[in-house]
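Below you'll find only one chain, the form predicted alone, shown as C-alpha cells.
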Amino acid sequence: MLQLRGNTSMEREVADRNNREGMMGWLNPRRYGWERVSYWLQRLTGVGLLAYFIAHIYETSQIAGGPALWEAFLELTQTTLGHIILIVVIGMCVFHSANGIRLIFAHGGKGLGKPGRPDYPYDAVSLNYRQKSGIWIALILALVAMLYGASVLFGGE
C-alpha cells in the first residue's frame, strides 16, 4: 500500500472506506449537472429500448405458433402492467429521440456557448440556456407523449 506523507496506513484505509459511495453515489443525480443527467438518461433509455425491441421480436414471433398461441400472448399485453410498460416505452422513445436530436446539434457546434476555463467544481460553461432548454424540451415532450399514451390506453376501459 502506498504511504502518504503524514498519514498512517490505518488513516488511509479509513479515508478510503469513507469515500466509497457505491451505486447510490453513482445514481445520485444531485452530484451531476444537467448534461450528465441527460447523458445518463440517454444511455438508460437506449438500453430500455433495446430490451423492448428484443421482447417485441419475441412477441411477434409467437404468430408462428398459430392463432391460438398468438391470441394468448396478446392477452398479456392488454393488462394494466402491459399498458404501463407501453407508456414507459413511449416516454423512452420520445426522450431518446428528442435528446438525440439535441446531441446532433451540440456535436455540430450549434447552440453551444463559449468555452471557459475548467475551474473546480467543473461547471460546464458551454452548457448555456439553449442546451438546458433542449434537455427540458426532451423531458417535456416525453411527459406529454406518456400522458397521451396513457389517455389512449386507459381511456377505453
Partner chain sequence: MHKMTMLRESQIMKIHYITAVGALFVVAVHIMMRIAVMPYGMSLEYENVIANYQNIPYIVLLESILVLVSIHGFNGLRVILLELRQSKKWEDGVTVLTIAAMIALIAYGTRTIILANGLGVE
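Numbering follows the first chain given and starts at 1. Worth saying up front: this structure is predicted, and the values here are computed from it rather than measured.
Not pictured, yet referred to below: the form predicted together with its partner chain.
Asks: Against its partner chain in the predicted complex, would residue 88 count as a contact residue? Criterion: heavy atoms within 4.5 Å.
Replies: Outside the cut-off, so no.
Asks: Does residue 74 reach its partner chain in the predicted complex, with heavy atoms at most 4.5 Å apart?
Replies: Output for residue 74 is yes: heavy atoms within 4.5 Å of its partner chain.
Asks: Give a yes/no on whether residue 152 approaches its partner chain to within 4.5 Å in the predicted complex, heavy atoms considered.
Replies: Within the cut-off, so yes.
Asks: Considering non-hydrogen atoms and a 4.5 Å limit, does its partner chain approach residue 78 in the predicted complex?
Replies: Judged by the heavy-atom cut-off of 4.5 Å, residue 78 is in contact with its partner chain in the predicted complex.
Asks: Residue by residue through 80-108, which ones have a non-hydrogen atom no more than 4.5 angstroms from its partner chain in the predicted complex?
Replies: 86, 96, 97, 101, 104, 107 sit within 4.5 Å of the partner.
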